[in-house]
Structure formats: C-alpha cells, structure tokens
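One chain comes next, on its own, written out as structure tokens in the form predicted alone.
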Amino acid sequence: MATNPTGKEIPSIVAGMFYGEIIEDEVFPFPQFSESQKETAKAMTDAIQKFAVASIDAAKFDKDSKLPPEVLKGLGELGLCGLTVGEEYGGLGLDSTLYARVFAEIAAIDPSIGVTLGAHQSIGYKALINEGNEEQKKKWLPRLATGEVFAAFCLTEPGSGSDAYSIKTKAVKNDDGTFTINGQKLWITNAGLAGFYTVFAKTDHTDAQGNKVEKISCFIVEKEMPGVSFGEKEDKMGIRASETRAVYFDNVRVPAANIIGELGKGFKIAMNVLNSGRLSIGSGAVSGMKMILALATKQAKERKQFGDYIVNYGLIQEKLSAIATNTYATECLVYMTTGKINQGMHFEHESAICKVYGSEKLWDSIDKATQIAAGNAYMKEYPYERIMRDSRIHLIFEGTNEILRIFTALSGIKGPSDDLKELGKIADVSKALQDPIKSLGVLTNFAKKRITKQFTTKTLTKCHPSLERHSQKFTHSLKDFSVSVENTIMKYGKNIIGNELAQLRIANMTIELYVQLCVLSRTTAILNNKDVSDSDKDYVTLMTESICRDSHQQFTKNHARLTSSYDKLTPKISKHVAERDGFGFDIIDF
C-alpha cells in the first residue's frame, strides 16, 4: 500500500496536542480525494454493489455461519484480497484513503466478509508488506493478493489478550538455523481458511550485560507444515460467517527464511500492524452507520403513529440527527487520518482514536436505529438484531477500547513527561512552583512555556469565519488540555501508569479535541467550495454545530473530573462489589 508516496515524514497531529500545539498547515485544508481517486473509488464501489446484489446474502451467511467458497473466490477476482498489495506483486496498490473507502463498502454490506478481508490484509499479511524482504514478498504476495491463499494474524493467546508481551508461544533455534515453534493462539480469524500465518513467538536473546532474555519475533508459518492444527470453529455472537478458531503449534519447524524483519523486533512489528487494522474498523464504522441511517430513515418515514409519520416526532428526530452527526464526525476523523498518512504522518495515536470513536458511535447508532424500529427490530426477519450482534465486536478486537484509551493517554503523555524530567529532581514540585526563585534554573523555561499556554488565545486562523466560535472554544480547550497534562504528570509522576481513571480523562479529552479539529477542517473545506450546494453547506454546518457543542461538553466534563473527587468514588464502590461478589443485598434486607 502506498501509504507515503511523498517520502517525507510529518509529526502526529494528536501528539502535538499534548504540547498544546497545532500546525495549522498540516490540518488545513482538509485532505481531499483527487479526481483519479474519485474515479477509482466510484468504479470499485459500483463493482462491489453489483457483486453484492448477485452473490451476497448476509442473513443467510449469518444463519449458516459460513461464507460460501464461491463468494470468497469472487472477492479475490474483484481484487478485494489485494487492495494493499503493490501492483508489481499483482495487487491494486491503493493508498490509505482509497483503501479505507473501498474496504468500508464491503464491510457495511456484510461485516463477516469485512472481518474476513480485514483479517487477511489489514493485519494478516501486513507485517510481510511492512517488514518482509523482497524474496518473501515475491513468494507470497501474488497469491495473497488474488485470494488464492488467505492470511491470518496470530498474536492473541489464552493468557495474553491486550497484554501482547506476555505471550507464551516459544520459537527455539535449532543447530541448522531453523526454529521450532510450540504454543497456541486463541480466537484467530481465518484460522482454518488461511494458508499463511503471521505468528508471534518468544525467542532467546542475550542483552548487553550478557544476561539471557526473551523477546518477541515474527515468523511466517504455512498451513501444510507438520505440527499445525486447529480447534473447532467458535460459535460467536456476531460476525458468525467469519471463521474464528484456536491454532496449535506442536514442534512446528520453520526455516530461517520465514523470519519477518529482525529477530527480537516482533513486538514493534505487531503494534505497527495493529495500527493499520484499527483504521479499517473506523472506516467500516462510517459505511455501517450510513447503512443504518438509511434503514432508520425509511422506517421513520413509512411508519405512522397517532395520526402522523414518526419522522415528524422530536424524539425520533433526535435519534436520526444523532446517527447523522455520528457518521459525519467519524468520517472526518478517518479521512483526515488517512489523508495525512498518505503525506507521511506517524499515525498510531490517530488510528487508535478512529477505532475507539468509530466503534462506539457505530454501537450508539445501531442502538438508536433499533429503538426507532421498535418491535420489528427485535425480530430475526429484520436486519437490526444481526447488525447489532455484528457491531458489538468492534469495541473489543484490535485492542479493546479500554486498552486503547490507556495507550492514547500514556503514549501522548510521554513527550511532555520527557520534557519535564528536570522537574522530577525537585523534591516537592508544587512548592517549587509556588516559590520558583528557589529552583530558578530548572523552572525558568518551563514557566515561560506555561505562561504562554495560559494566556495565548490565538484562534485557528484557517477556519471558516462562520465557525469562529467553535474554533475559539477549541483553542481554549487545547490550552486547558496541555496544562492539565503537565499538572497530571507532576501530580502522579511515574505512578500515572497505575491511575487508569486519570488516563481515561486524558484520553477522552484527546479524542474530543481531535474530533473537533477534524470536523472544523472538513466543514471549512466544504464551505469554501463554490461547487457545493447551499443545501449541502447548510446540512454540514448544522451537523458541525451539533458535534462541536456535544464534543465541547464532553471535553469539559472530563476536564473537570480529572481534578475533582468524582473518580475517587469508583474504586470505593467497586471494592464493595468485589467483596460482595456482586450487588450484595436485596430490597427485603433493609
């Protein structure tokens, strides 16, 4: 995938927020589809829709818990198995933006197909694309691109889900240079379907002091290798037609030629792969919400109650409006991120936010659409219950939303924390700040920066004039955020790692700031475009108003709770629950 055709590197937008900084030229104008991108996207989405009408029956696939072989073959013939593979290896070589748009189309039609294709290319052979050598790519990519061979990503184990570094699968080097792998992987999508497995295992190494240590390495394992076996197909709540199994490795001998990247560098390889996979969840959520909104709108316009169509009732309008704003905000996040990836941005923060925000807004949207459809939605003859079951997994896999919030907070804090290391040498930072003369050498530069943040109120100068109020609120919030980050670092020091509720507040504030920024940038681009109709401009302006108001309220709530006593209630209540093994008493007790 041509993720960075420019060859340059630009800093993460979100990482800059932790310093209270935004480089406007990197955010405005909003990344636009080029004419060639539009043509490619239109041709491919049209082809997908035609294929779907002829070949895809999501309800039947869900009932049968199986994707027919002819459908998988058809996906390969459409090129959907090689969206990210370079043309020189037989793929389409789409950039991040085109991949997101094309993948989203098929994912919305049938999430099981979306998961199957995503597990195949977003993560299954992504390490091969990122870190594989030329010989490995020539051997494998042509067959992976056509769907002749499917891929699976093998990281999760029974005792290590989000804690990837605690895996137990071991690869031991043999005298002839090969490796013998023993262990098991759990909940692997495409496990029995695949012929190519990206497998992460511990390997032995010697550190600089001569001590033996274990590190994670990345291997290609082939299905036909002796010792590879599988568990039974998992019976899942949703995405039932996709295949999920355990994979077992019993003395599987792997040649050294099947090592991806450097030995001992597998953890970083895995994390880089998952960054890309999370974007697929965000883009799939956008098309999923559009499909859900179409269903809900049709229901609201056709159903009459109390003498009027329910679309005319305020509480139904609130739900339709919320689904629309959920969709617009997530779309702004995803395509700001993919556009900047194409320009060379480091995107681990942004991809995590796209996954968290997109998956949660998708879940909120199907909940609201289900309520609009009422009793119909509860019946299997309608698609709502299947869509709800299919959607729930997105809050869990590719890193749970809880873990990704922790990641967003801690990785974002790291930069400012490194800058404040000198402050850690002062025994009592708070007193030092009250009497800075005692610590003038350490605090002078810090104080200057802090004063600048507290009193600088420069707005986003490139926002459309009609959005000035929201750009000012964003600027004030960004200032408050960066100061809060510093305060949090100084309050907790290294103990911030154990304070997850503080991390939650930091992460939630980060998410809301990125949402506001992406929406303001895209709406500015639309309002500045003379070819966009007044009706469309009015529509996006109204959605932007709603999104920014709601987002600012969420930011303010989390900002207040970061320093209030509210979060202190949580562990105290939870302790009671744990001690009582649940709620603990009944109304008849007292």
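We number the residues from 1 along the sequence you see. In this text, all values refer to a predicted model and were calculated from it rather than measured experimentally.
One more form of this protein should be noted, the form predicted together with a small molecule, which is absent from this view; the next part is about it.
Visitor: Hey, in the predicted bound form, does G114 get a heavy atom within 4.5 angstroms of the small molecule?
Guide: Judged by the heavy-atom cut-off of 4.5 Å, G114 is in contact with the small molecule in the predicted bound form.
Visitor: Is there a non-hydrogen atom of F200 within 4.5 angstroms of a non-hydrogen atom of the small molecule in the predicted bound form?
Guide: Looking in the predicted bound form, residue contacts with the small molecule do not include F200, since no heavy atom lies within 4.5 Å.
Visitor: With the partner left out of view, is Y248 within 4.5 angstroms of the small molecule in the predicted bound form by any non-hydrogen atom?
Guide: No.
Visitor: For L320, is any heavy atom within 4.5 Å of the small molecule in the predicted bound form, or not?
Guide: Result no; L320 lies far from the small molecule in the predicted bound form.
Visitor: Please tell me which of A502, L92, C332, L274 lies within 4.5 Å of the small molecule in the predicted bound form, judged by heavy atoms.
Guide: Going through each option in turn, the one that passes is L274.
Visitor: Just to confirm, with a 4.5 Å cut-off on non-hydrogen atoms, which of I372, A127, L155, V485 contacts the small molecule in the predicted bound form?
Guide: Exactly one residue meets the criterion: L155.
Visitor: Can you tell me which of 75-83, 248-256, 141-149, 401-409 lies within 4.5 Å of the small molecule in the predicted bound form, counting heavy atoms only?
Guide: Heavy atoms within 4.5 Å of the small molecule in the predicted bound form occur in 401-409.
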